[in-house]
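The chain below stands alone, shown as structure tokens; this is the form predicted on its own.
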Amino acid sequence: MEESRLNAMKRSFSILEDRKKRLFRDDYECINELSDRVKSIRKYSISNLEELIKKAEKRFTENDIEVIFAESADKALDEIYKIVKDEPIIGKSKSNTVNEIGLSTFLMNKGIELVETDLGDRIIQLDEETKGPSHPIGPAAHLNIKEIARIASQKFGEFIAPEARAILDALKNDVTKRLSKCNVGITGANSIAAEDGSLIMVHNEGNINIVSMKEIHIVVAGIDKLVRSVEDAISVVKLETIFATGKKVPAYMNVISSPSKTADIEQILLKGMYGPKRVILILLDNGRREALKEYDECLLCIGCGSCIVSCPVYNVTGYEFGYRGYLGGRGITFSRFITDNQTCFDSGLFQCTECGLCTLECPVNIKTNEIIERLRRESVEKGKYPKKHLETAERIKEKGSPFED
């Protein structure tokens, strides 16, 4: 990432950290108690994942939400395409899971436009130079206001002043106009209540309200998002919000448990009153069950991004340290299971300093640095390692020193 963009990202991170410090100063005990509760919730979920999957399938079906299991990204893409193949345009909210399967590129190649509705994600979508988001909650944190105005001006063919309101209005008007032609909305889910058959989504812009009210609402979520109840799910998303934004609660917290429906005319059940006639949940495996075997700790993540804000490597490399929106060390470890060893290596496996700040800052104490150390050992055994490391090892072996003559 360019230095100017890194500096913008660091400024954004600094503002976020100051906000978190104020919140922690005032509510440390409550936050600590919530953190302990969420750790317990997530550990139970990961330990009982197969049971929760069965409960979710049963309850969502009873709630008239269609459930599709996708073992791989390709399966998820195929299932989505079956639903949207006749649509010219689709609205999407912020979702790392949707980014994980590469849906935007897939649909573009099929001649279908996918419109990002989150402001940060939309800015990145319009910027040809940006490879991905720089923070899970603030995707455009690496862009300053002048750059964003330049991107918008180039896209719309008119001058957009480098003022926040002017930029917002220009992008909002464009997205709103495009969504008027849209019948399908795609979102992720921050947490899933298996026993209640409910999907929980958080947002600040209100865009999920718009996207999820289309005729068909598709939700793509990893099986690792499953918890027992709505109460557990709310605890998870509250903690995510605290560590991601420095605020106690988000502006919006949607709980979706069925399609839109009414029975106000002689108790005759009718779907699609104001919202969707169909809600479809695509539960994605894509290597998560593989991670459960030896690296189940990878699946505890609640997606707050707190780890990358403190990461010394991420702060000098940006989104190049990670994989497809899964940023920093957590993204590197996760890429091993959703793709392969080579992708894990290419995502920055040997760039990590193993300082442990990611673990220290993680609200559920995922020991990412220790996982990276184990994955490095596996990588070396399979012949994947930086060649410079071998040269240094050979010098130590031959001369007793790592330094060249």
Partner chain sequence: MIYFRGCVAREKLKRISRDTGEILKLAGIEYTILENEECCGSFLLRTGFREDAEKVMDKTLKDLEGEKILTSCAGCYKTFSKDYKEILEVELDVIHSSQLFKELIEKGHLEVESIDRKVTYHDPCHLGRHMEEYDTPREILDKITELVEMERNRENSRCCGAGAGVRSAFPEITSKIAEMRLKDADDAGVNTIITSCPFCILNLESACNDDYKILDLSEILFKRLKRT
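Positions refer to the first chain, counted from 1. Please read all numbers here as calculations on a predicted model, not as lab measurements.
The same protein also has a form predicted together with its partner chain, omitted here; what follows describes it.
- This chain is displayed alone, yet in the predicted complex one of 315, 229, 204, 72 has a heavy atom within 4.5 Å of its partner chain; that residue is 315.
- Just one of 62, 33, 373, 50 comes within 4.5 Å of its partner chain in the predicted complex, counting any heavy atom, and that one is 373.
- The stretch from 24-32, 64-72, 40-48, 374-382 that comes within 4.5 Å of its partner chain in the predicted complex, counting heavy atoms only, is 374-382.
- In the predicted complex, none of the heavy atoms of residue 15 sits within 4.5 Å of a heavy atom of its partner chain.
- When contacts are judged by a 4.5 Å heavy atom cut-off, residue 4 does not count as touching its partner chain in the predicted complex.
- Put simply, residue 57 is far from its partner chain in the predicted complex: not one heavy atom of it is within 4.5 Å.
- Although the partner is absent from this view, residue 352 contacts its partner chain in the predicted complex, with a non-hydrogen atom inside 4.5 angstroms.
- Annotation for 376-399: interface residues with its partner chain in the predicted complex are 376, 377, 380, 385, 386, 388, 389, 390, 392, 393, 396, 397 [heavy atom within 4.5 Å].
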